[in-house]
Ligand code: BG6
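Only one chain comes next, encoded as structure tokens, the form predicted alone.
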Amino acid sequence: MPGGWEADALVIFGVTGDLAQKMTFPALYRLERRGLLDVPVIGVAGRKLTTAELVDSARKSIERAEGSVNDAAFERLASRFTYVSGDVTSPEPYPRIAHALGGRRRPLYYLAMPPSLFAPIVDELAAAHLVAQARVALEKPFGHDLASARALNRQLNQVLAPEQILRVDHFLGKEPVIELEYLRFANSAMAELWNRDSVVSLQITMAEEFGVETRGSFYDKVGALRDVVQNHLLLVLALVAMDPPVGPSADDLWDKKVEVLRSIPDASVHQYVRGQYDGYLQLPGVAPGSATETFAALRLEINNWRWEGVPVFIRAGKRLPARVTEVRLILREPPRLNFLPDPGQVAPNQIVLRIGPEPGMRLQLSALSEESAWRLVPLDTIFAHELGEPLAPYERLLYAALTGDDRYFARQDAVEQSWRIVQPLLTYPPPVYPYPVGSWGPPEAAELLAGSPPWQQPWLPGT
């Protein structure tokens, strides 16, 4: 597909689902309010609704997300909506979708649907001659392991060219993830520290204080490794560790990310700890005696010139003490400072990028207090205070998809490399350890860091 592609319509499959209600409608409203939305919006789902009922549902979801609604902006958005109902796995609704498109030839089809429906929907669109100049955005997950990811891609490529497929991972639309690229390469002070000469270890934490709640039947088939590590956190690691892109294109950026992923050996089952929080087995939808992990911690290596010998530790879990996602680089300790009253070893400096909540960056330094005691001195920057309120992830991703900006969408080779890295952990899962609600996971996770600085207390808002 040639450069400069822009959508002339947006078709949302699964428009009555949770994702549309919680994320898509508010994102479309914000784009409308900013004057960035200029295409008709066609909603498709199985429920029997009128367009007026869809508009009413959209307004309620926007009110829940925004607190209030600008009537003029919402009326403009409402005027764009059309609703088509039907079984998307049969030919029946596609002539009506074509009619709603009204001859527009460059639609963006956004599939907010289970992955099992991706290929059937694309096949029906092709049979109705609706994909020649279209693009298709798919919500993760892209398969459930390496083999299924490859199989899905083969199915889609029977109908679509690779450049017609956009793989949506909302983490790639988060402002601090995007900002990391600029912080690293636009600041010599950062760039000079970002390698094995300065960094002794790298920690990535994604903690959630809430549990699986009512999503037991879904989550029990997925687990923490598939849910957030294989996609969100490995793609963040690729951005953290990559070398500078050679040019401004999406492929230039993804070439460097894939280089990092290719340099990561397969994860070792002996460097992987799984946990399950107390009470998980009592949740509705969870299989009796389930061994699905709600916590995952692993150690990885990056075998390239920049990062050789620097271990990477990743942990993610539910029902932990707080909700926070961060990347932490722990720098090498300085030499013993014999000229000072207390020549003891100074704590190593740290660079922390908090992805959420309240995204920001912390530089942790050491200083000597009036009492001749070492103290940690954090230098903090909160991005919203310094850079302004960012676009929400789905707002950014929808706008990028509509305007042909591919930088924020995962490339297939990156998806396959991510699955390749974790595949041994899926094939030969170790035992799952219980952990108390409100803890930082099973104590066995601490053993992964033997010989390296221990897990650090995350930087929480207000601390």
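In this text, residue numbers run from 1 along the sequence as written. Because the structure is a prediction, the values reported are computed rather than measured.
A second form of this protein, the form predicted together with this ligand, is not displayed here; the remarks below concern that form.
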inquiry  = Is it the case that residue 273, even though its partner is missing from this view, gets within 4.5 Å of this ligand in the predicted complex, heavy atoms only?
reply    = no
ask   = Looking in the predicted complex, any heavy atom of residue 318 within 4.5 Å of this ligand?
value = yes
task = Using a 4.5 Å heavy atom cut-off, state whether residue 354 contacts this ligand in the predicted complex.
result = no
key: 4.5 Å heavy atom contact, residue 174 and this ligand in the predicted complex   = yes
ask   = Ok, 88, 119, 101, 228: which has a heavy atom sitting within 4.5 Å of this ligand in the predicted complex?
value = 228
message = To verify the annotation, which of these, 328, 299, 140, 106, has a non-hydrogen atom within 4.5 Å of this ligand in the predicted complex?
response = 140
message = Within 4.5 Å, heavy atoms only, one stretch in 318-326, 158-166, 111-119, 254-262 touches this ligand in the predicted complex. Which?
response = 318-326
query = Counting only heavy atoms, which residues in 198-230 are within 4.5 Å of this ligand in the predicted complex?
reply = 206, 208, 210, 215, 227, 228
